[in-house]
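One chain comes next, on its own, written out as structure tokens in the form predicted alone.
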Amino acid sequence: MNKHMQFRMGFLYLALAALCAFPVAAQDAPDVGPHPPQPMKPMESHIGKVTGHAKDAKMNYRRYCAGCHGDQGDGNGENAVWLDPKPRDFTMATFKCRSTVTGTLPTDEDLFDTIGRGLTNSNMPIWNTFSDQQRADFVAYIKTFSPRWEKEKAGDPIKIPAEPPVTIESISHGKALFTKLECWKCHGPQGKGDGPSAATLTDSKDQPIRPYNFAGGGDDSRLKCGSTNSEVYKIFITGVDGTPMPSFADVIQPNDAWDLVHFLRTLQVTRHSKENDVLKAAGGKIPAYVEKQSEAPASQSENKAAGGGN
């Protein structure tokens, strides 16, 4: 081997040795080994005099909730593939049953009530076997899944005015509103959930969703977010976030909402209710609604009298 070749071999050896002496760039190195668990957010809930703590619900959540809602609260539990409708994705912090206006976070009481009440027409059961403390702990734990709870406060609960008397006029006006607001397009003319738009509806995750069938069920039937007239009223004003059901807060007046509640009760044809009693007393037929004519202001009437007409 001549000197020139020896020089080249020696240079190559030195270059390789120098290259091996430098570590691989950090961005090219894999992140190997186990990751330490992330510390749980110290989230709390407050329901009356009960304070819930997220850390105290971890084991119960994994035992009773993770199978559907997932360990990460994303609605992808091992049972989710078999469920319709799909489990709630807590990471989105979008909840159907609230006392707060659309787009805002629910109150702790809202989540607390949902856990104890369950959601009809879904696989979410009534968890009334848990103590108030356990349910409050669950609420705090649910709030750890979305950063919204760290940045936003819950919305202010809406004010529900006193319910006016149930009359055939109220039911008649509610029927007119049901038509005017095009509720029938989803819920169907008889409230059976078979309106012309029903088959096309999807939720916020593009999953098919069915409108509520008011005509189904009997005395034990209830809507998704409750069974009392006040809870039905609340749905109209808050809307059902994550679904096509909007809020009508900017569309109808409080008494109009009550009239709509009264009419919807008559669609529950097998339910014993004040509304169905009133309808029966009226012969079982809802009369056409006649818009009330507003009276002329007193000052205008007085001016006419003073001027002798004209």
Partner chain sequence: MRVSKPCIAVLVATLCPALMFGGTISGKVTYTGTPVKQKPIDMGKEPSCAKQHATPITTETVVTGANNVLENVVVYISAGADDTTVPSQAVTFTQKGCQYIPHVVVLHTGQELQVVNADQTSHNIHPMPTVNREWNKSQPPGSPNLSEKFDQPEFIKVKCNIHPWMAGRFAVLKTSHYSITGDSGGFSLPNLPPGKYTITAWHEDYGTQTQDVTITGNETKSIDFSFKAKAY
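What you see is a predicted model, and the numbers here were worked out from it, not measured in a lab. Positions refer to the first chain, counted from 1.
FYI, the form predicted in complex with its partner chain isn't displayed, but the following is about it.
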Each of Lys192, Asp194 and Leu267 within 4.5 Å of its partner chain in the predicted bound form, by any heavy atom, yes or no? no
Report the residue, out of Asp156, Asp84, Glu152, Glu78, that has at least one non-hydrogen atom within 4.5 angstroms of its partner chain in the predicted bound form. Glu152
Which listed residue (Leu201, Ala215, Ile160, Leu119) meets the criterion of a heavy atom within 4.5 Å of its partner chain in the predicted bound form? Leu201
Only one of 249-257, 65-73, 279-287, 52-60 has heavy atoms within 4.5 Å of its partner chain in the predicted bound form; I'd like to know which. 249-257
Report yes if any heavy atom of Pro147 sits within 4.5 Å of a heavy atom of its partner chain in the predicted bound form; otherwise report no. no
Quick one: is Ile168 in contact with its partner chain in the predicted bound form, heavy atoms, 4.5 Å cut-off? no
Can any non-hydrogen atom of Leu105 be found within 4.5 angstroms of its partner chain in the predicted bound form? yes
Would you please decide whether Ile115 lies within 4.5 angstroms of its partner chain in the predicted bound form, comparing each non-hydrogen atom pair? no
Do any residues of 224-247 have a non-hydrogen atom within 4.5 angstroms of its partner chain in the predicted bound form? If so, which ones, in sequence order? Asp241, Gly242, Thr243, Pro244, Met245, Pro246, Ser247
